[in-house]
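First, one chain by itself: the form predicted alone, in structure tokens.
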Amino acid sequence: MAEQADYVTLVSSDGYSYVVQRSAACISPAIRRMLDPANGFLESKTGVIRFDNFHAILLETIVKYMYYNEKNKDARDIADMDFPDSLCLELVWAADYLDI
């Protein structure tokens, strides 16, 4: 079995690409399933996941959360992550979609 890359690329609907550590991206069970070779998704071969329903600002905020979560996964009493109020509804929807 081929070794998996340490990084994956997440692409927004408006064409912006974010190169993210696989460990950070895989906090999402949905992304983890897409990248698992046993599931046979194209994303597991290319390491590129396209989100046709996430615009760049939303995807950038999600990526920031992935790293924030990974950095603080074992910490206690951490501050809430700041994000634009204008993204609240979209972030709730995206979090549900990604199961994070």
Partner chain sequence: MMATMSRRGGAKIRPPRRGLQGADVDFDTTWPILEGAFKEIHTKNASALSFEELYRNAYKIVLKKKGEELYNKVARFEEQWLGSTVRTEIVRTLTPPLTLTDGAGRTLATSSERRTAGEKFLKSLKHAWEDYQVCMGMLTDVLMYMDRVYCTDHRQPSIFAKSMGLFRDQILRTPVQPASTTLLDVLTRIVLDQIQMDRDGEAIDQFLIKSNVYMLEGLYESDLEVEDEKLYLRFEKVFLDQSANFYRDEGERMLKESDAGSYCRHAKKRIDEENDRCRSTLSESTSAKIQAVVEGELIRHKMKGLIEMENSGVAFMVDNDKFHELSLVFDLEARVDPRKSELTRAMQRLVTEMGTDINNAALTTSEATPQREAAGDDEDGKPAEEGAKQKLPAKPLSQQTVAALKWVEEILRLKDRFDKICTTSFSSDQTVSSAINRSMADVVNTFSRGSEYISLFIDDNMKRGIRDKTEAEIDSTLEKAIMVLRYLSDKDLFETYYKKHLCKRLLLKKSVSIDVEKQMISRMKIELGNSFTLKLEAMFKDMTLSEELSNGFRAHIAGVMDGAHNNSKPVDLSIRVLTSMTWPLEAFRGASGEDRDENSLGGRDITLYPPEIERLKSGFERFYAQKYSGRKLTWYNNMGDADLRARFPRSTRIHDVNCSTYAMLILLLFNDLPAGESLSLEEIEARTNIPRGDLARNLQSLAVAPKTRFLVKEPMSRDINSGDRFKFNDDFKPSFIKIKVGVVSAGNKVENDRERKETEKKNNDSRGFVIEAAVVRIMKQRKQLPHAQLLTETITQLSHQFKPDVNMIKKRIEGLIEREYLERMEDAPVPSYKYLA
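Residue numbers count along the first chain shown, from 1. Given the structure is predicted, the values throughout are model-derived calculations rather than measurements.
Note that the form predicted together with the partner chain isn't included here; everything after this is about it.
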- Any of the heavy atoms of residue 43 lying within 4.5 Å of the partner chain in the predicted bound form? yes
- Task: With heavy atoms only and a cut-off of 4.5 Å, decide whether residue 81 touches the partner chain in the predicted bound form.
- Result: yes
- Do residue 6 and the partner chain share at least one heavy atom pair within 4.5 Å in the predicted bound form? no
- Message: Since only the chain is shown here, I'm wondering whether residue 49 would be in contact with the partner chain in the predicted bound form (any heavy atom pair within 4.5 Å).
- Response: yes
